[in-house]
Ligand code: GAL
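In structure tokens, one chain follows: the form predicted on its own.
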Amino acid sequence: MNRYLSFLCLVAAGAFAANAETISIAELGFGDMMQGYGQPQRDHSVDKAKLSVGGEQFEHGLGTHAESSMQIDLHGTADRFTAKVGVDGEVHERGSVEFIMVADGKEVWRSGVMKGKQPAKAVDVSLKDVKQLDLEVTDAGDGIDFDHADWCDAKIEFHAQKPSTTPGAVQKEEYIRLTPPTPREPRINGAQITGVRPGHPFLFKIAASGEKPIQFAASGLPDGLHLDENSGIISGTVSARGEHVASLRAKNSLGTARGELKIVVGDKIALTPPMGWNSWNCFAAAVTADRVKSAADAMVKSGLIDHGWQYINIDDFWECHRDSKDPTLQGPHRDADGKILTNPRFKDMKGLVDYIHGLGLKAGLYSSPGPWTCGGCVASFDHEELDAAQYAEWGFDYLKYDWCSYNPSLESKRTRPVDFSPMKKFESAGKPKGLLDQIRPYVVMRSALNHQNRDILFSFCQYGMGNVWEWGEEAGGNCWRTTGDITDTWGSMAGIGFGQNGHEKFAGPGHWNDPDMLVVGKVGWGNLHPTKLTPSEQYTHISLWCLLSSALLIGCDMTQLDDFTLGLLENDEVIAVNQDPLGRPAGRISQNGSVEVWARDLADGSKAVGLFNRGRKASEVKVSWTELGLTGKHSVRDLWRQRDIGDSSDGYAAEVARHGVVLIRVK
């Protein structure tokens, strides 16, 4: 009998093996697969090259990019997953990723950190009785730049129902606005400190919410400044260096609010991170003067100006294009004296800037140290002094300077004199030539800006090359991009945001890290759509950027703000973390698997703490007072809900949604 049963089992096993089928994961389609850059590619890398890992080439597989997630329904009838994985050869030695497989919520395989040029690593995992398989690629904790990741020859063996892809991270979450409605009584919000250089024009709008009209008053302003009592705009010039603390008052029919503003007249500006709007993530190449003006109007009409948002920044495509057939981008590049000219979309740049200033807002512009911008428009190489003078003449307050088209070999082609003396301190410090080449174009424009009788905040946009956070302040930057461009996906936002750990020690008043613009609301780079971030992911995005003291630049269409997005952008207690005058950004306090705690010191002695869950399911996240360097009893306040939670003697724990956050203040 036993021999007979054994025989039947062998027959059944043979029949089972004969019925087994194999399918490549690239044949399944990509469903709602997420990744931090580009699009998933069948049988090719993310940049559409042949798959290649560690010198070995592959005909079939999936090319993706950290951070990515693909969910596959196996229906409990799959047998085995096999593949070879690694960083695609197109990035050479760059890139660092980690491949992870999760079966029915349980991790079943992890590659460890893999870097460019390393040989492919084999995967062979049993899928017996598994219903759902998640294939994930993380950024290995150092950001997503160059993280081109390949699942080569990735196959699933199955014996019955064919596997299929399932919707990925597009969760059916309810859009719940946590920020309470703005009270009708007056409140003074926004920055409590601002800087200006002696003799330069000063412009500051007192950010005050509440039922309009509001009457403003200020005492203790330095000589040379005056307040418009109806608009709350403080303007003028101050000649003498020094610090002044002005007492502010905002009054409406329901009450009076009071606050203070420290005005520092000296060498530093941007004493808190810049807050405003940039045209690129919504309009990209389709930006026009009318759209910029509408954004400024919307900043006022929406009330965001009353919560401290200041800048209206024009990105690329205000200039004439080198070869576009679009008549709105055509025209002479410069006049006979070499002054840069606008394209027909921006017929009156001075008038546009004056309009923005008249609302109490500031204006920003874009250029590049090369001959052309990223979009192929006229840029500033060999015209830095002329361009800086023109920006000042128009009245701009902010310059984003994008690396595109610059090459160190251009320096031999200069026709106009340039003061390279600021480079001597870097050369004498023994910086390598490659790093000096990266620093030089920013020092040149910094020098040109210094010659203007105007404060122009200088934003380096060179994607974190050469560890810019280590030298950006010395080169004259007020903020600097630490990463490549952000997209509205969890992989991109989380990879960039959580990759900022360690950068905090290089930032502070006057010089800030910039992990790129905010991707909430309707974005699309010329093809508008609601952000792909879930509500929880959007709360994580804003919370993390505020903890990091990041530049806050709204990237959505300001004319289409919904109530949820407004709630993200007008929470004064959350914004206060970003604008805290101490200016000490957060770092990671602890990490346990997919949960993390980030914290920063605030000027009043309290701490802002973010409890983050990067995992796939809701999870408890906790922090002890010991981890924060605290002892004794402390009160806890939920900043998004603006309500006190209670006192605790040892720490705090909360259930945090998938990809979500709880942001608290410990006092």
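Just so it is clear, the model here is predicted, and its values are computed rather than measured. Residues carry their position along the shown sequence, with the first being 1.
What comes next is about the form predicted together with the named molecule, which is not displayed.
Chemist: Counting only non-hydrogen atoms, choose the one of 231 to 239, 111 to 119, 196 to 204, 395 to 403 that falls within 4.5 Å of the named molecule in the model of the complex.
Modeler: The contacting stretch is 395 to 403.
Chemist: Taking 4.5 Å between heavy atoms as the contact cutoff, choose which of F426, Y175, Y463, F420 touches the named molecule in the model of the complex.
Modeler: Selected residue: Y463.
Chemist: Quick check on this chain: which one of Y539, F81, W280, Y391 has a heavy atom within 4.5 Å of the named molecule in the model of the complex?
Modeler: It is W280 that has a heavy atom within 4.5 Å of the partner.
Chemist: At the 4.5 Å heavy atom threshold, is I214 in contact with the named molecule in the model of the complex?
Modeler: Looking in the model of the complex, residue contacts with the named molecule do not include I214, since no heavy atom lies within 4.5 Å.
Chemist: So in the model of the complex, does D485 come within 4.5 Å of the named molecule, heavy atom to heavy atom?
Modeler: Within the cut-off, so yes.
Chemist: Using a 4.5 angstroms cut-off on non-hydrogen atoms, would A154 count as touching the named molecule in the model of the complex?
Modeler: Taking the distances in the model of the complex, the answer for A154 is no, it never comes within 4.5 Å of the named molecule.
Chemist: With the cut-off set at 4.5 Å between non-hydrogen atoms, does D455 touch the named molecule in the model of the complex?
Modeler: The answer is no: D455 has no heavy atom within 4.5 Å of the named molecule.
Chemist: Check for me whether the named molecule, as it appears in the model of the complex, comes within 4.5 angstroms of all of G375, R481 and M517 - heavy atoms only.
Modeler: Yes, all three are in contact.
Chemist: Can you tell me which residues in 308 to 333 come within 4.5 angstroms of the named molecule in the model of the complex, by heavy atoms?
Modeler: Result: D315, D316.
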